[in-house]
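Consider the single chain below, provided in structure tokens and representing the form predicted alone.
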Amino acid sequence: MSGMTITEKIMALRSGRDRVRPGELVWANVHTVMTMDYLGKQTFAALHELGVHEVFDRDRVICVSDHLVPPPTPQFATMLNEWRELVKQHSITYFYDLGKQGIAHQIMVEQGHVVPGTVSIGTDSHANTYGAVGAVGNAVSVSDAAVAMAIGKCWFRVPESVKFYVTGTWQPYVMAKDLSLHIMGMMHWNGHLIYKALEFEGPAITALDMAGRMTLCNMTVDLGAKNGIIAPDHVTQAYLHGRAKTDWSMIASDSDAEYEAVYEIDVTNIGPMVARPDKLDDVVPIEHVKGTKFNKAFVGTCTNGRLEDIAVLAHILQGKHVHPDVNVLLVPASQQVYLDALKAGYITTLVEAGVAVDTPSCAACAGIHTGVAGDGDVILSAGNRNMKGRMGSKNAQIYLSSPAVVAASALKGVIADPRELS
């Protein structure tokens, strides 16, 4: 009998089984349930419709204000007030509201609410991010989240696993975002990754810091995957030390685990990548789009709003100034990231370079507020999606890249290769 992948092991462990196989349905214990301002009111309403008025564990239902803070309209301000009352009524221990807010997925990992070997779910599609620390992170519906908030369990179909084995050496200014975009272009929405567990392994993955791992797992949902995951190692141990809210143990795939497919990638051969407007899988090497004019740049989101991303931006813009035809917006992924960037001097560097900085939130990523796109805008974004209307107007165009490409391009006023900086 063959072994199990890390995702299968976690599904078995959390559903009280010795083993599980792809395709089976399991009723699994969840470690944490996250809901946020945009869907929180609906989630609590669904909980009450079940006849339940107390959550299963006030320490493990995590509430975050991220999409609507600060509120951009009176309607959203009212929604936030109603949301706050609901959280207060349920005596939720961990409520990250305006003043200590951040993007939910950043908060969940950064504040130690997600740990290896567990299942954590959230009412937002990018909950896949949690796989960066060796957890199964899943996005779920409001109704499934409500059930989990009530009894601490959720149902899952065990996904087939696909492995990406990544070797080689990371080249200067090439980031995890470039690998993610490379995989997008490589797979071309061929359906092979729909509802799969994408497992990343290999020397080039071991070399990634936690920020890069979060980026990589974050974007697996945009490949249609059920979850993305990286087995915990020394990087995970160092990151979770002093921040994990509970004990945890190392877990990894068995050496004889079965995968539906295994893809090998040599990151040495990957340069900066760019996804062209409207299609996430229309990915090309930067050489194909160099010189393309744009007027807005954005760095932030649960994909690329971390301290390490801001550090790259600051390094490239140090002592320089953004092109006069370009507006650049930075939105840190959390208050902690913002504070760390301030202490490191990155915010001073960026403001002096002509970058606008806003308080942590999802911002323009969801097209709700703080830098939304207008008609005719051409945006170079370090975010995660570029379909029409994603950041506001359907008459805008969105190119996706890494923060390094955004920074180099912001200096030139056209899409530029950071490797060619003098």
Partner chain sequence: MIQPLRGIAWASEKYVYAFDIIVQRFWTSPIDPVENAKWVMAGVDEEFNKENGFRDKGYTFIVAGHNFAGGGKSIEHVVTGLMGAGIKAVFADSFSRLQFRNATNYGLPFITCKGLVQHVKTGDELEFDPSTGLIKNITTGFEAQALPVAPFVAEIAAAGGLMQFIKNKIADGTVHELR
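Numbering follows the first chain given and starts at 1. Owing to the predicted nature of the structure, the values given are computational and were not obtained by experimental measurement.
Omitted here: the form predicted together with its partner chain. The next part is about that form.
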At 4.5 Å between heavy atoms, only one of the stretches 46-54, 363-371, 349-357, 59-67 reaches its partner chain in the predicted bound form; which one is it?
46-54
Triplet A207, G271 and N384 all within 4.5 Å of its partner chain in the predicted bound form via a heavy atom:
no
Within a 4.5 Å heavy atom cut-off, is K412 in contact with its partner chain in the predicted bound form?
no
Taking its partner chain as it sits in the predicted bound form, is N138 near enough to touch it, meaning that at least one heavy atom pair lies within 4.5 angstroms?
yes
Since only the chain is shown here, I'm wondering whether K226 would be in contact with its partner chain in the predicted bound form (any heavy atom pair within 4.5 Å).
yes
Indicate whether its partner chain has at least one heavy atom within 4.5 Å of a heavy atom of P324 in the predicted bound form.
no
Of H315, R84, K100, H192, which one comes within 4.5 Å of its partner chain in the predicted bound form, counting heavy atoms only?
H192
Could you spot which one of Y259, W155, W170, Y165 gets a heavy atom to within 4.5 Å of its partner chain in the predicted bound form?
W155
